[in-house]
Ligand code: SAH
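Just the one chain here, the form predicted alone, laid out as structure tokens.
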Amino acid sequence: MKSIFLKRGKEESLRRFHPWIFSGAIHHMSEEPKEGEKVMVFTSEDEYIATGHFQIGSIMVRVLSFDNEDINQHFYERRLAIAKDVRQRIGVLGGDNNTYRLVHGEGDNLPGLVIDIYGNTAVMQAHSVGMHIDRQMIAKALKTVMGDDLKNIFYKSETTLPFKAELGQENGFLLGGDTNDVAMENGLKFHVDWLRGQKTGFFVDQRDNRSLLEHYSHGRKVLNMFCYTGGFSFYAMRGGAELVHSVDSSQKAIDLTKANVELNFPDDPRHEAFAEDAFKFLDQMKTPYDLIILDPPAFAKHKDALHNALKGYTRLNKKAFEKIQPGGILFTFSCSQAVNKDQFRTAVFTAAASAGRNVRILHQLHQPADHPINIYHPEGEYLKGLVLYVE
């Protein structure tokens, strides 16, 4: 295993267990590692401090362990077993729910790896070259930990790995091949688009927030913007909404939304879906909605886009404030990691003031417990949301 040596004083963040080593912290290397290769990291005093995956870029090492141990199948088995135990203890396994996140990158001390469980299928996604290289070893460890409950492992990393790495990666099954794509969340069924869908095929991170929406939906006219596969929509219908309209710019997303609503509420006339640009729909809408959900894709995937992202959140929320009925409730979200809670709240505050509406905060929302945040890695907090009462 090749060695990396840090500049003097650059080990301090590692002593606080932060799992990233930036390129500017590196003094020299014993030999240039290949991208994705495991490396040992030493301080300027030649003291061992960490082992991780090497990657070309500003984040040059993603730390796997602060102990001098082998990174092998047994290592992954231990980490996956801990992750499973956490999910069992927080109560997301079993009952009327077979959908949850098993591994959330740094939050589960496996930086660069995401694993979502949909029934007896795991969808695995690598966000680092190292995790891509280790994918077969991780799949074997995952099968060992999950046992007979796991029948399929689908690897979905074509769009999440660095383009310049030229890995020739392809999506496909590492185990099994069952094409049954129906999973269950809190008693509601939905199709998972593993191959072409966003993320791992469904936005697992909104489960708790969808449940909260169900509580507020009774008797309301609901507009679900950026609906993707309709998760908020069918929760609103179970909550007793008077009508639910789902909007997304993607026709494929609208087709999936319709299919998911039909799974749960066949031939229910309360639901209608529209393939339409969000701002155009809000400008031209005629239905007087009194519950609106704004769950757009990330407006800022890096800090360089932060200014324009905040302008986008302000513009979008202003439009919703202008259109929502008096006494209405707005669920509004940002999943942009580059946007922090205070910045998002300021953008929404600016939108409310500009629209001239009196607004109260009912709830401040975040990612669920199966998307844990490593206390030493606050950057892992990406989802933030507000539930607002609009006079």
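Keep in mind that this is a model prediction, so the values were computed, not measured. When you see a residue number, it is the position in the sequence shown, counting from 1.
What follows is about the form predicted together with the named molecule, which we do not show.
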- Query: residue 211 near the named molecule in the model of the complex, any heavy atom under 4.5 Å?
  - Reply: no
- Would residue 248 sit within 4.5 Å of the named molecule in the model of the complex, counting heavy atoms only? yes
- Might residue 97 be said to contact the named molecule in the model of the complex, defining contact as any heavy atom within 4.5 Å? no
- Does residue 198 reach the named molecule in the model of the complex, with heavy atoms at most 4.5 Å apart? yes
- Note on the structure: Note: exactly one of 178, 276, 242, 272 sits with a heavy atom within 4.5 Å of the named molecule in the model of the complex, namely 276
- Message: Please tell me which of 187, 219, 266, 297 lies within 4.5 Å of the named molecule in the model of the complex, judged by heavy atoms.
- Response: 297
- the named molecule in the model of the complex: contacted by all of 313, 332 and 336, heavy atom 4.5 Å: no
- Query: Out of 100-108, 133-141, 277-285, 211-219, where are the residues with a heavy atom within 4.5 Å of the named molecule in the model of the complex?
  - Reply: 277-285
- Message: Within 4.5 Å of the named molecule in the model of the complex, counting any non-hydrogen atom, which residues from 211-226 show up?
- Response: 226
